[in-house]
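One chain follows as C-alpha cells, the form predicted on its own.
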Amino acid sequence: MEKTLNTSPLVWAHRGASAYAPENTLPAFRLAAEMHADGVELDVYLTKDDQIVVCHDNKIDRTSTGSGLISDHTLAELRAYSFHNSMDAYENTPIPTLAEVYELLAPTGLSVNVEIKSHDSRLPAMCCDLAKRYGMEDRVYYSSFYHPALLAVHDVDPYLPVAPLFSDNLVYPWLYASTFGAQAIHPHHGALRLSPEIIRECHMRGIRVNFWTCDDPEIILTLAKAGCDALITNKPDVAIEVLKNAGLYN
C-alpha cells in the first residue's frame, strides 16, 4: 500500500459542506470548518466590475434566484439575488466574494483550493494578490481544468502550489504535471481504477494526488488505503468518520 505524503489523507469540503448547505456560500464554508474539515474547495469568476466571486457555474441560473452570466453582472447586481440553491432554510444567502471567504477562514487554519473557472487572463494574478493580502498564500492551492491558468499562477510565483484538474483520461498525468512544476494533480476518483499506478508514480516525483468528488464511504476508504493525499467531498463529516474508523485519520 502506498503511503500518503501527509501524515494522513486530508479532507477538503467540496464547495464547502455542500451536501448540507448551499454550495459555494459562507454557510457551507462555515459548516465545513465546524465539521473539522482540513480545507475547502471553491470556484471563482470575475464580475462585470472585476470583483472575484465564488460560484461554480458561469451562469447564476442553477444556484440563485437570478439568471444570466456572472460576467454580465456587477457585484451589487448579484447581491440582489439569493444563492440558496433551492435550500429554503438558507433563503437570502448572498454570493460571497473570495475576500469574504478568506476573512471567514483565515482564523480557522483551513486550507483553500481555488479552482479558477474563468479564462480571463487577469484572474490568476488577482487571486494570488488577494491571498497574499489576507496572509493566505501558504494555505492556498490553485487548480483548474483550464491549465493555462495554472501557468499564469506560476508566472506570479513558481512556488505556489498548482494542480491540473482532469476527469480520468489524461495519459501519464505524473509526467504531464512534472512538465510545468505542478505540485499535485486533481483527478476524478475513477482515475485510480483506470490507472492503479497513478499514486505511486506521482509520489515518486513528489506530486500529491487529491481526488474529487468522493462521497461514497467505500470509495473514500479505497482511495485512502491506496495512499491518496486529499479527498474532495461534499460530505466532510462522512469522510472524516470513515477515515477515523479505519485508523487512517489523525
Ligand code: G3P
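All of these numbers come straight from a predicted model, not from anything done at the bench. Start at 1 and count along the sequence shown; that's the residue number.
The following text describes the form predicted in complex with the ligand, which does not appear among the structures shown.
Of the heavy atoms in Val156, none are within 4.5 Å of the ligand in the predicted bound form.
The ligand in the predicted bound form comes within 4.5 Å of no heavy atom belonging to Tyr146.
Although the partner is absent here, His56 is a contact residue: one of its heavy atoms lies within 4.5 angstroms of the ligand in the predicted bound form. In the predicted bound form, the ligand sits beyond 4.5 Å of every heavy atom of Leu75. When contacts are defined as a non-hydrogen atom within 4.5 Å, none of Phe29, Leu110 and Asp237 contacts the ligand in the predicted bound form. Screening 221-229, 37-45, 198-206, 63-71 for residues having heavy atoms within 4.5 Å of the ligand in the predicted bound form returns a single hit, 37-45. Contact with the ligand in the predicted bound form, defined as a heavy atom within 4.5 Å, holds for exactly one of Met136, Leu170, Leu123, Leu165, namely Leu165.
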